[in-house]
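Listed next as structure tokens is one chain, alone, in the form predicted alone.
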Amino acid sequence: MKNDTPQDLLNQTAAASAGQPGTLVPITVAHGDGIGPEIMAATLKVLMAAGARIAPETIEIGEKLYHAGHSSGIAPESWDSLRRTKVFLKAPITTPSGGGYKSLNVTIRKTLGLYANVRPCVSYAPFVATKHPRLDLVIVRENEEDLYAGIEHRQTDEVFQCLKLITRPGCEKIVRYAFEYARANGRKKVTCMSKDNIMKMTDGLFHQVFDEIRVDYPEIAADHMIIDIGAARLATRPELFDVIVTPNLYGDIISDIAAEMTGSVGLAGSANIGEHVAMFEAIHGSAPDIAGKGIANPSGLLLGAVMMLVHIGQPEVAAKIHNAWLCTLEDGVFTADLQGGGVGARSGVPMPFGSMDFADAIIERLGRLPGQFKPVSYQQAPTPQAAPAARPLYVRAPAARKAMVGVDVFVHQATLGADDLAAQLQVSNTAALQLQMITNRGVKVWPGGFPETFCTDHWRCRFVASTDRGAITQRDIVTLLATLTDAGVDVIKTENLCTFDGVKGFALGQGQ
């Protein structure tokens, strides 16, 4: 078998596609790092043989770019390709450990507004060994915000901070997308998972928006679960779920769990959908330990490419590939990661198959329908702009009436206890702002703190408007900060306390 280079395969794919009816769709392709080039070569070979009407153009991303001085992992000119094609088929990449390197995956998702990460998780029993043969669900993960905003600071000797950002636009877009996805794909239920019993404002907003939007989809069942019990039930009773919508971090975790429950995380592809650009990939990483051996399973990236074909209006080619892939599993053809499990491992077919041999096996079965799996068919997927929603993905509400009623002043102090710190701070009270409370790691330690509470060197000191003031101004806060500075207090950050249409826009301290 000829060992084609990545560019050879791109050229062959474009040449083969040129002979197919219909307009060629330009796509951007990145071969990635580790096993990326191997599984991309296998994927492109299947796309070429199936008659995908695509015109690929390649870009370089990942580890090579990091080490060449591009700290983002992508060259500026590559963004031009992504803006032009608006479709990105991406192999796994490696993010170097340490230093100032940021995840390129997160950078691409956030920069291009790819707000919805869609991860189907399906079991392929009995051909792939799994304890959950009925698992068939889709996780729709918010993709732009939450803790993945990556806003982190070291604030004191002992305390580091990561900001969790949840926005109403982010919540509305992802929740509405989840319901639109369910409607377009014949799914019957959408489950929201959050932790709003603890994070009442951030996760609380996510749950609130879910409850607001669910009423627009009366034909789709909807429920909410706290993420911990939801994840537990996902692991033991996945048949309870159909579509799950959840914030970024939770979605990342439970989608890998669900994918592994199918029998292998290597079988899962994903789509990253935005209003302008979409990216398709495998959910697994670059697996450098097996890179260059030709044994990696291309299934995750191939099924990501199937989602891409549906997205660009070629559902018939997507179904042709997917059904051939199912036939390949039924015939007991597996790569090394699946060796030893499922019916195929006992079928007498030589194992394991290498990446390109596995691709060839799929190509041999193009045009066939599976006999034991239900054959797959696809319809044209609605784009975010064309989705038949009752209203747009996000509608900005009129601004609320905002009033400032206090300020949380965060202080670095390692030598004083809570009572002594309070005495020092009260000297700095102004006519407008008075010390109300001190917390440490969120727990109230003054007034009325407990001696058993362990304290670090990081204190939140809440000053509220004097009873005769009601509301304060930025100048009042500046005056307070000047007074604290003169007293030698080490202020490290502040957070304004505001009400919105009379409703508090801040949380109480634990124990307050």
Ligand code: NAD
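Note that residue numbering follows the sequence shown and begins at 1. If you're wondering where the values come from, they're calculated on a predicted model, not measured in any experiment.
The protein also exists as the form predicted in complex with this ligand; that form is not presented, and the subsequent description refers to it.
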Of the listed stretches (220-228, 162-170, 293-301, 363-371), which one has a non-hydrogen atom within 4.5 Å of this ligand in the model of the complex? 293-301
This ligand isn't shown here, but in the model of the complex which of Q314, T328, S286, N440 has a heavy atom within 4.5 Å of it? S286
In this chain shown alone, the residue from G266, G251, P120, G406 with a heavy atom within 4.5 Å of this ligand in the model of the complex is G266
Taking heavy atoms and a 4.5 Å cut-off, does E142 contact this ligand in the model of the complex? no
Is there a non-hydrogen atom of R176 within 4.5 angstroms of a non-hydrogen atom of this ligand in the model of the complex? no
Is there a non-hydrogen atom of K90 within 4.5 angstroms of a non-hydrogen atom of this ligand in the model of the complex? yes
Determine whether any heavy atom of T262 comes within 4.5 Å of a heavy atom of this ligand in the model of the complex, and answer yes or no. no
Using a 4.5 Å heavy atom cutoff, which residues in 267-281 contact this ligand in the model of the complex? It's fine if the answer is none. E281
